[in-house]
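Take a look at this single chain, the form predicted on its own, given in structure tokens.
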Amino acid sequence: MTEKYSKEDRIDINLIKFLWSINPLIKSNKVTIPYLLRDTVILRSLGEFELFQLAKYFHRRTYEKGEVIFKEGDFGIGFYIIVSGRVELSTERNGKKFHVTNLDRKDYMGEIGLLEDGHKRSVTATAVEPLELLGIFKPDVQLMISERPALSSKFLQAMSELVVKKLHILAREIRKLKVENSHLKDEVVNLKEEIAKND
């Protein structure tokens, strides 16, 4: 005799794994991906179970000192969170390397590559020291959209908010540079006038 089970009778393996992972009576020294994602500021709007589900789409990556994560001009397909170590971002002009900035633990990079089709990296990312990253790539996001649309919506919203935040910082820096540039022009004009008076 075949016994029929309703959808509600089926065991949700993911839910059991999640409950197991948060059980305070089960001690483990293993640092899990959900634990690392919980420590990430941009994902704070996601609940514990959502982080547990999101972890399925992230991958751990390790790099040796000097190893390149991505190069300027490469097509961007991944977003990375730094778990440990440091990353140098640099750019190259006329064959000369220019340092842009360093990123440390809990910093992130690559969000535009995840959101924009055909995006090319504007900098090169290099491991300054032994490095561990969490990465999520476009195929992972596409899979998440088909499997868990509500979760993917929250994740992509977090990515969009991160991009907007960085655009605000960029706009502020441009305004600051414009003000400094106008002061510099005034100083050049004053200097020219002084020179003309002394001639």
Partner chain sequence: MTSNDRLRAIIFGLFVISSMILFFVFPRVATPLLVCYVLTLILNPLLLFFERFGINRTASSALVVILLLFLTIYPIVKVTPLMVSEVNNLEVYIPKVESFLKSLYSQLQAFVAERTGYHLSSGYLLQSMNFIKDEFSAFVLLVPKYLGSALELIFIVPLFLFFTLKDMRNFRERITRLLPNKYFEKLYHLSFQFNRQIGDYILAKVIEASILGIIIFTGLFFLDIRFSLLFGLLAAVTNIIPYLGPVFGAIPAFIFIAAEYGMGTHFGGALILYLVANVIDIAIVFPLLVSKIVDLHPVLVVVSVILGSQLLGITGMIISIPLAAAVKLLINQMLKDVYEERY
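Small disclaimer: the values here were computed from a predicted structure and weren't measured. Residue numbers count along the first chain shown, from 1.
Here the subject shifts to the form predicted together with the partner chain, a form of this protein not shown in this document.
The partner chain in the predicted complex is not approached by K166, whose heavy atoms all lie more than 4.5 angstroms from it. When contacts are judged by a 4.5 Å heavy atom cut-off, H59 counts as touching the partner chain in the predicted complex.
Contact check for F75: a heavy atom falls within 4.5 Å of the partner chain in the predicted complex. Mapping the unseen interface onto this chain, G47 falls outside it, with no heavy atom inside 4.5 Å of the partner chain in the predicted complex. Residue heavy atoms within 4.5 Å of the partner chain in the predicted complex occur in exactly one stretch of 65-73, 153-161, 169-177, 39-47, and that stretch is 65-73. In the predicted complex, the residues of 127-148 lying within 4.5 Å of the partner chain by at least one heavy atom are, in order, F137, P139, D140, Q142, L143, S146, E147.
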